[in-house]
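Only one chain is given next, in structure tokens, and it is the form predicted alone.
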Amino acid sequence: MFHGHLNARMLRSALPALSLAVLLAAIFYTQPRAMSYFGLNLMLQYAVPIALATLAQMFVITVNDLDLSIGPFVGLVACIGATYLHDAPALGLFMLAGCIGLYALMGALIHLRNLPSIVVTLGMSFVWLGIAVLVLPTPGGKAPEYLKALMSLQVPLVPFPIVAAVVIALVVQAALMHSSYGVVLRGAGGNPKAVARAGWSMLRAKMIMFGLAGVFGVLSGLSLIGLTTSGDAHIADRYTLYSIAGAILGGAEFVGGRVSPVGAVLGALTLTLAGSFLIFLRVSPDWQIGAQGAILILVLALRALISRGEAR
């Protein structure tokens, strides 16, 4: 029985990687030309901003909350990056730092007033979108040259999005899963009473995790305009759904502080590739979001079956 539980747990952990491998195999079978440096680079060009937004969502999920504002927030960062960060860098950096601070304060508000995170973040999504429209009323602006240079970087052998995704995943994995303070932060979601009894501040933990979500949201927005070269208040509207789906595909659960940074990045890559796969199959853009949802449901169904086997 012990070996059965162990095998089920290992299969559960490997599910994000297996999902990505199956999707890659389907893509290469459907479109063999995609199995090249250029093909992978083209399919995964937006993997970095989606992966960063997914990690931002993962930090919030770690403390048993959900962020419905990350998409509009990424859009706001893109607008600031394409205007103030380009024209007045010092002011742009100050505004981005202020956005991160507001994210941390949002976590404090949710904790101190015991408010539902879904309600608070949904309200903030309209605030972020409103500010973004004020900053950049119509699509335009110009991304700083260093962001464009970074996101168009050519790396030998392996495309830059893959290298960046691996580095980001490993850094966050080491910090959150293998450091002493990372254990405390995850414990704030897994067993908050025990963490509080041990003398750690739940308010600080909540603010740190929301602050980290803000940091990765900023990085997502800046990497996004490095690719698009201009800003738009609605440029990342779908990122809220992508981030939740990517985190769940990667093994995150809404209770218990159970998350996996590597899994979250793999989930983001899977969603990014799913869009390319559906294009190869000539699926209408109107149906693509539904098809991506179907992939998510399939993976969750497999996870539920594995969990049932693990419980026996």
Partner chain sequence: MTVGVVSFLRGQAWIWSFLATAAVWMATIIFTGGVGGGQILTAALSFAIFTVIVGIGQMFVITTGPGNVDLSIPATMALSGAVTTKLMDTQNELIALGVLVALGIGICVGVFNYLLIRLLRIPPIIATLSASFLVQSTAIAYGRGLRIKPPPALADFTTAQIAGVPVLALCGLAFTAIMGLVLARTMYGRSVLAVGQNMRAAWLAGINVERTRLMTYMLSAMLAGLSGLLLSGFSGGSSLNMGEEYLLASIAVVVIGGTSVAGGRANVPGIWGAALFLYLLVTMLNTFGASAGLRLILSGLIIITVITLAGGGERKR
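Residue numbers count along the first chain shown, from 1. Just so you know, these numbers come straight off a predicted model, no measurement behind them.
We do not show the form predicted together with its partner chain, though everything after this point is about it.
Proximity to its partner chain in the predicted complex (heavy atom, within 4.5 Å), stretch among 164-172, 88-96, 211-219, 236-244: In short, 236-244.
Heavy atom within 4.5 Å of its partner chain in the predicted complex - the one residue of 155, 150, 108, 133 that qualifies: The option sitting close enough to the partner is 133.
Partner proximity in the predicted complex: residue 248 to its partner chain, non-hydrogen atom cutoff 4.5 Å: The answer is yes: residue 248 has a heavy atom within 4.5 Å of its partner chain.
Contact label in the predicted complex: residue 287 to its partner chain, heavy atom within 4.5 Å: Yes, residue 287 sits close enough to its partner chain in the predicted complex that at least one of its heavy atoms falls within 4.5 Å.
Close approach of residue 304 to its partner chain in the predicted complex, 4.5 Å, heavy atom: Residue 304 belongs to the contact set for its partner chain.
Residue 126 within 4.5 Å of its partner chain in the predicted complex, heavy atoms: Residue-level check for residue 126: yes, a contact with its partner chain.
Sequence-ordered residues of 106-123 touching its partner chain in the predicted complex, heavy atom within 4.5 Å: The stretch touches the partner through 109, 110, 113, 114, 115, 116, 118, 119, 120, 122, 123.
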